[in-house]
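Only one chain comes next, encoded as structure tokens, the form predicted on its own.
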Amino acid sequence: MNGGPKVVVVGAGLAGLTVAGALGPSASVTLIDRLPAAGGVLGYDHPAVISEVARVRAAGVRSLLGTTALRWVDSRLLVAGPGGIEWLAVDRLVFAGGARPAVPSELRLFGPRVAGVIAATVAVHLAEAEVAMGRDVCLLGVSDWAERAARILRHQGARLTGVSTEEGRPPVYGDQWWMGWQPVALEGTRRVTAVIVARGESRQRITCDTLVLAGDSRPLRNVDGAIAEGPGVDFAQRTADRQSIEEVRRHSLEIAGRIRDQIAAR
């Protein structure tokens, strides 16, 4: 490891790898991820991940994979991994743990709390485990998550109806799309039976037995004590529901550059 300020980057996906590699030459950087391999959603064998892992190693970054960041208190980070539980002294914490789709309350999607309302990230994992979620699925949002979930659910034989607040050409995945419509309410007793969408004064009812939340990206902030940016805490998150690898890299390098400048100004 290099000398200088102690920086911990939580999350070894593309964003975390990029930040860690960029900061490695000027700081003592530790990279943490709860999974035993780097790569995040891209996977360990993606060419972009392989390239960034090599850069991280060359920069002298210490990697603690299979380790979970639990709590941030007074410039200390509590982690749990194969070696046990310990507190790390940290000058700067960078959280790059990914993002999630917005939940109904954030979407102002009113109605009863019913079964069958699933985040796309969860839906993908369930579908990959061959868990059937429904036959009549409504996708909320146009995103990478939506496309991935749609392809797997269609393989299961589900009928897919998409809803997006965006105007324009509908995506190629999905049997029907409501573009430029806002979801406003849920219906159902024990399980969701319909989504009400609005456009101006118009209202339409879309029947479904499963609702997959797949849009309006929000950062995952699941380290206790570090749920907002502040002194010593930065977030390197995806900034949109659809980003290319180069966009993720560029955004991450901008964050790393800002942190490096702040460190140098001390």
Partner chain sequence: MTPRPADQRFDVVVVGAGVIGTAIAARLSSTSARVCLLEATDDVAEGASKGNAGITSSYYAAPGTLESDVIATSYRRWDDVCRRLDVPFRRIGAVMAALTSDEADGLPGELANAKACGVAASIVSGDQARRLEPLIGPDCIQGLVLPDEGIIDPMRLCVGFAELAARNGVQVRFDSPVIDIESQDGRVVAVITPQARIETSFVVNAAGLFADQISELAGGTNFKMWPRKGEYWLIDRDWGRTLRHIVFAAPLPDSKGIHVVPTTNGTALLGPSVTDSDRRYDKTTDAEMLAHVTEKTKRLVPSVPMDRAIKAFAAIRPASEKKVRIEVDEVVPNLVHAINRSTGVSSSLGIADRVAELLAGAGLDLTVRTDALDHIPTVRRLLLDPEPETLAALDPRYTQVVCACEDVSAAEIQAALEMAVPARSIDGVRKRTRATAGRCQGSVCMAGVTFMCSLAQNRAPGDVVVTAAGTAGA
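Positions refer to the first chain, counted from 1. Owing to the predicted nature of the structure, the values given are computational and were not obtained by experimental measurement.
What comes next is about the form predicted together with the partner chain, which is not displayed.
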* Asked: Is there any non-hydrogen atom of Gly84 lying within 4.5 Å of the partner chain in the model of the complex?
  -> yes
* Do Gly157 and the partner chain share at least one heavy atom pair within 4.5 Å in the model of the complex? -> no
* Does any heavy atom of Val122 come within 4.5 Å of a heavy atom of the partner chain in the model of the complex? -> yes
* **Contact label in the model of the complex: Arg34 to the partner chain, heavy atom within 4.5 Å** => yes
* Structure fact -> Among Asn222, Gln204, Ser51, Thr207, just one has a heavy atom within 4.5 Å of the partner chain in the model of the complex, namely Asn222
* Which of 36 to 44, 194 to 202, 64 to 72, 51 to 59 lines the interface with the partner chain in the model of the complex (heavy atom within 4.5 Å) -> 64 to 72
* Just give me the residues of 115 to 133, first to last, that have a heavy atom within 4.5 Å of the partner chain in the model of the complex. => Ala115, Gly116, Ile118, Ala119, Thr121, Val122, His125, Leu126, Ala129, Val131, Ala132, Met133
